[in-house]
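Presented as structure tokens, the chain that follows is alone, the form predicted on its own.
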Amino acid sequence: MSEMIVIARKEIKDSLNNKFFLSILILLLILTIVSIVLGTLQVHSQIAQYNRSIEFLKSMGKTNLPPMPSLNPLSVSKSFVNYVAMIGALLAIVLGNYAVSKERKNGTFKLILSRSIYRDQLINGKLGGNLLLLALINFAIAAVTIIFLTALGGVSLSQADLIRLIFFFAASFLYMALFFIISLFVTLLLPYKNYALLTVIIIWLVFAFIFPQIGDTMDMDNQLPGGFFASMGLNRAQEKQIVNKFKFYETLRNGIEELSPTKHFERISFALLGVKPGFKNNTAWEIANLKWLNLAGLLVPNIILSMLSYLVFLRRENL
């Protein structure tokens, strides 16, 4: 265990000394802070506008005052979903590639393994250190979100809101961890750093952008602004009847979307943040149960690719 902790600390220290990684991390933090500040200022503006309206009505002697409009303070983090899908994934890809390529470049794999350290301890230390770093990044952003919401937005988050935020950043961690493990796995397979990095970026572009775009383009309801079915004045039952006639088409379209971890991350995140309607009154646990398929779409690939990375690292002679 002590050897694994030493390796994990080394991984964190090496990553924080990587200028490319730090540049992407700083960009992610800046964009996140800007989006949170703008979101909290918008919430604060809505509250101030309501208070001014109440004062005006009171000055006119009105007693039947309108209630406070329903505000969703968690929605200020919706931009962070897009930032994680793009910059967060790229950050994790660089981290996974660097975890292997730095040892190959310096020729330290054989040197480390010549000591009293087993291969499973080395891979566990690398996984543990880098995943801990990703968890700390998400924790820091979560703390900044809560602080800015409270200080600038003047919003007191309820216990239910805090639990939703915890679940949201847990999903963000799973998403970033997935691309870290993909990058680690591919870099272990391919002997050259640049080839491995290019391969992972192509995988990222396909699964994070191309597949979701294909799914959205093929969606019949997206063919007209405001929705095809709504523009035709069709109710839910009529909509299902039409969709059932194109069952193979819809199965193919949905299957392409289900291959995208980005789509799974977006679906569960928008539900937790209340951006997507229909989940306002659900608890975080209820949303996790309703979105279990999206949660599995992030968790299962993490487990499978971690096991494959173990097999490659333990059995490959030339690292």
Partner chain sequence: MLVINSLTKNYDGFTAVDNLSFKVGEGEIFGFLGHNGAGKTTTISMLVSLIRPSSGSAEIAGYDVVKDNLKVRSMLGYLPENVNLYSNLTAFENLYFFGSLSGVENVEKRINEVLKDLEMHSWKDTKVREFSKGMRQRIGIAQALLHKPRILFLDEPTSGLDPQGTKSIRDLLLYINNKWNTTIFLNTHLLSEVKKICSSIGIISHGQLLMTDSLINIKKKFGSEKSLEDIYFRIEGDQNNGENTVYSI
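Residue numbers count along the first chain shown, from 1. Note that the structure is predicted; figures quoted are calculated from it, not measured.
A second form of this protein, the form predicted in complex with the partner chain, is not displayed here; the remarks below concern that form.
*asked:* Would you classify Ala143 as touching the partner chain in the predicted bound form, given a 4.5 Å non-hydrogen atom cut-off?
replied: Taking the distances in the predicted bound form, the answer for Ala143 is no, it never comes within 4.5 Å of the partner chain.
Give a yes/no on whether Tyr118 approaches the partner chain to within 4.5 Å in the predicted bound form, heavy atoms considered.
Within the cut-off, so yes.
* Quick one: is Val312 in contact with the partner chain in the predicted bound form, heavy atoms, 4.5 Å cut-off? -> Val312: no, not in contact with the partner chain in the predicted bound form.
Taking heavy atoms and a 4.5 Å cut-off, does Asn18 contact the partner chain in the predicted bound form?
Because a heavy atom of Asn18 falls inside 4.5 Å of the partner chain in the predicted bound form, the answer is yes.
> If contact means any heavy atom within 4.5 Å, which of 143-151, 97-105, 127-135, 161-169 contacts the partner chain in the predicted bound form?
Replying inline: Partner-contacting stretch among the options: 97-105.
Next item on the list: Could you check which residue among Leu157, Val206, Leu190, Ile112 gets a heavy atom within 4.5 Å of the partner chain in the predicted bound form?
Entry: Of the listed residues, the single hit is Ile112.
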